[in-house]
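First, one chain by itself in structure tokens, the form predicted on its own.
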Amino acid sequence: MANTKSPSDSTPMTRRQFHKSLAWTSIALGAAAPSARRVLGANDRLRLGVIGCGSRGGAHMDLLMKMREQGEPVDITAVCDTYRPRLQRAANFTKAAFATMLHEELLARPDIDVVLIATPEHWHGYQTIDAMRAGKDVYVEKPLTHWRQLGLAEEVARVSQETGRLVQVGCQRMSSSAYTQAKALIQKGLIGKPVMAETGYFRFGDWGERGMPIDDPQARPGPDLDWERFQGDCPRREFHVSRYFRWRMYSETAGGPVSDNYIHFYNPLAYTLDLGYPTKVCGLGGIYRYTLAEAPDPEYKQERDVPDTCNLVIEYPDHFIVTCAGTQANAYTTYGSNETPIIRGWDGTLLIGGREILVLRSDDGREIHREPIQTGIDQNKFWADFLACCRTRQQPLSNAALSAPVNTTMQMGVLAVRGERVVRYDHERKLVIA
């Protein structure tokens, strides 16, 4: 049957209930419809608000402050976080004029043009929609939505189109020219009809989940920590500092490697091959290394339920398959990258890695073509390009229209791994069938 609810071990708020609760919050705050957006010139200063001031948000703020020092016309004018000590540190660092624990208050301000969203995964989609409805362009960290929020990524893409607001999803590998170059070679027919792609993401260490720092082991819900708001549409749980500060460890707030890591390379692959939505996704995986026995801090480890190893097989229409493998237990790399994409066609095989693109014959492996990658991955360039788009109104490469089907594919991957089953996509009804 069509899976239109949020799959979970316990019942979360429905999307309608959650949107209703946000609507009442907005009314209580007196949020008004945004005024007409100011017209920006090529060198006008952009005023930016930050929602989520943790480690990832902090890294972005640090980069943006340095870009401003180097002449980029951008100012951080407001910050938001559900943990007051972290919020205060961000306000002190950025010299932001406004700080709040409620993102609706930030979005209601007319002195903000662009919003950075670096909150936990289950808030990304909702806050992106709220920001666009408030007239703001959005840089949102990946994934676009949480794995159980089926259909929300498509809603983000629809609202982006309806409002004319820009969305850039934080897949900085899109800043590399490798994928525009590879796309051009494939469109020229250099590898013939694409039939298969292979990719993966390999690293050593569980730093992405268990390694998240706990700011204060004694922190508790109250005026300085809004636990209720943090939970959003999740099933309600008793507060635990690990669930709040180490949210990547838990499936209610994160999807593990599939949604946290695989999107990094899947967005560029989808762009290169114009992938769209798949027909089915198969998945296997689990916690293969970072079990309780391996954990240096078993007090926090025992509740962790996101996997460390996941392997997906993804089928697309027109007889095309992607195999996607990854683990956090081994960081061996090939061809100079821990995510080397290999795209196979009837006539040739294209490899992206290191500092070059290589194309080999499909039958005997002889070299057909080799070219250097003109520009590599550059987070500064990724931000600068997005800010330029905010002025020119051109769509960024890592936009909502590209990211929605990728996000849905990864949601299907999480569901497939969790259930050890095949998850299908109904193209006619535009539904995930789990």
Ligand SMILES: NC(=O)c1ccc[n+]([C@@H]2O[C@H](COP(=O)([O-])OP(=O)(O)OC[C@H]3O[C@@H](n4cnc5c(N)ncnc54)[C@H](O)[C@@H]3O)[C@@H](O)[C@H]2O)c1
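Start at 1 and count along the sequence shown; that's the residue number. Model, not experiment: these values are computed from the prediction.
Unshown form predicted in complex with this ligand; subsequent notes refer to it.
Mapping the unseen interface onto this chain, Ser55 counts among the residues with a heavy atom inside 4.5 Å of this ligand in the predicted bound form. The closest heavy atom approach of Tyr271 to this ligand in the predicted bound form falls outside 4.5 Å. This ligand in the predicted bound form comes within 4.5 Å of no heavy atom belonging to Glu252. Shown alone here, Thr291 lies farther than 4.5 Å from this ligand in the predicted bound form, counting heavy atoms only. In summary, the region of this chain contacting this ligand in the predicted bound form, judged by heavy atoms within 4.5 Å and restricted to 352-360, 128-136, 307-315, 257-265, corresponds to 257-265. Note on contacts: among Leu48, Ala400, Ile51, Val406, the single residue with a heavy atom within 4.5 Å of this ligand in the predicted bound form is Ile51. Between the options Cys80, Leu107, Ala178, Val167, the residue in contact with this ligand in the predicted bound form by a heavy atom within 4.5 angstroms is Cys80.
Using a 4.5 angstroms heavy atom cutoff to this ligand in the predicted bound form, all of Met212, Phe230 and Arg248 count as contacting.
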